[in-house]
Structure formats: C-alpha cells, structure tokens
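Take a look at the structure tokens below, where one protein chain is shown in two forms, each on its own, as structure 1 and structure 2.
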Structure 1
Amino acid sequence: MTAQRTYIAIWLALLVLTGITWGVSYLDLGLGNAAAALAIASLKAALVALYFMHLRNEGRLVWAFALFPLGFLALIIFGTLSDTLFR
C-alpha cells in the first residue's frame, strides 16, 4: 500500500517537473534555459532510477555499476568539449 502511494507521489512529482520544464521554456534566460532543462531532466531521471528502478534499495555493487556510466558520460562530454572549446 505505502509502496503504491510512493509510486503515485513520484509519478505526480514527475508530472509537475514536466510542467515546470514547459513553463521555463517560456522565460528568456539565455544559456540558463538549457541549464534549467538539463537540471530538471536529471532530477527526473534520478527519481525514476531511485524509485521506479529500485536503485534506492540496492547494494553497493549495483550502485557502482549504475554510477559508472555517468562517469563515462562526463568523459565523452569533456573530451568533446576539449576539442570544440579550443577550435
């Protein structure tokens, strides 16, 4: 029961965050627009992973395997930026 209530709460939170993303797109924040959209999207992804994908209840090994790819994402972004920033 409580588990279901959590899921519904998370689902509502995701909907609200989607709404905020949509709202923010109407403001003119310059670079801030992209930053806000990415921040909200990351938050949503984190909620999904933690609750819907049960990462919250997993052991350290699973956490390690889940966080590892984020490191690689950072790597590819920084590697590519090291090129585009200095071109």
Structure 2
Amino acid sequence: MTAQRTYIAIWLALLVLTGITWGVSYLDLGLGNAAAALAIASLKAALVALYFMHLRNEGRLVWAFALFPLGFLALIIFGTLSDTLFR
C-alpha cells in the first residue's frame, strides 16, 4: 500500500512540475525560460529514473550504466550551446 502511495505522490509531483513548466513558459525570462524548462525537465527525469525505473535501490554498477549516457548528453548540450552562442 505504501508503494502505491509513493507512486501516486511521484505522479502528482510530475503533474505539478508539468504545470510549473507550462506556467514558466508564459513568463518573459529571456534565456531563463530555457534554463528553467531544462531544470524542471531534469528534476522530472530524475524522479522517473529513481522511482519508476527503480534506480533508487540499485547498486553502483547499475548507477554507472545509468549515468554514463548523461556524460554524452552533457557533451552534446555543451557542443550545441557553444555553437549557438559563438556563431
């Protein structure tokens, strides 16, 4: 029963974060809109990975395999931003 409550709480948190993303899109923050959207999306992805993909209780090897692609993602984002900002 507690697992179901946890999943429902995480689902509600994801809904709230989606609403916050929608609300932030109506604010004029300049580049802050993209930064806020990326931060909220990262938080949502972390919640999904930790609770729905059950990474919260996994060992170091599984964590290493789960985090390894994030390094590539950081490289892609860095490459894209450097190309966009210095063009």
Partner chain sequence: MTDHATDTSPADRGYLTDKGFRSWALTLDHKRIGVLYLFTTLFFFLVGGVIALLMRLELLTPGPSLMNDHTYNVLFTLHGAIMIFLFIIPGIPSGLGNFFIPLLIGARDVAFPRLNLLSYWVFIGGIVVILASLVSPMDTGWTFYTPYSAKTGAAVATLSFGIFLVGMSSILTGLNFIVTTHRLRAPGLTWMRLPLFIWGMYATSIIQVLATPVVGITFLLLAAERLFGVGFFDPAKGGDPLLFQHFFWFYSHPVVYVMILPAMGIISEVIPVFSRKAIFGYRAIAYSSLAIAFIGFLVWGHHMFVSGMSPVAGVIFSFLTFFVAVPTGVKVFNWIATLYRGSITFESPMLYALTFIFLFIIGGLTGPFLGALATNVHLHDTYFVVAHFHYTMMGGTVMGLFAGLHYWFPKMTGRMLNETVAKLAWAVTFVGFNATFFVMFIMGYHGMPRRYAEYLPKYHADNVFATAGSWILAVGVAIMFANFVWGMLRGEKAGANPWRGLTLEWQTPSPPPTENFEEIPTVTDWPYGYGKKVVCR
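Definition used throughout: the rigid core is the maximal C-alpha set that superposes within 1.5 Å between two forms. Computed from a predicted structure; not experimentally measured. Sequence positions of structure 1, starting at 1, serve as the residue numbers.
Note on provenance: structure 2 matches the form predicted on its own. When two forms of a protein are overlaid on their rigid core, residues whose CA moves 2 Å or more are considered shifted, and G23 is not one of them between structure 1 and structure 2. For F65, the Cα coordinates differ by under 2 angstroms between structure 1 and structure 2 after the core has been superposed. Residue displacement note: I8 has its CA displaced by under 2 Å between structure 1 and structure 2 (rigid core superposed). Taking the core as reference, the C-alpha deviation of L81 between structure 1 and structure 2 is 4.5 Å.
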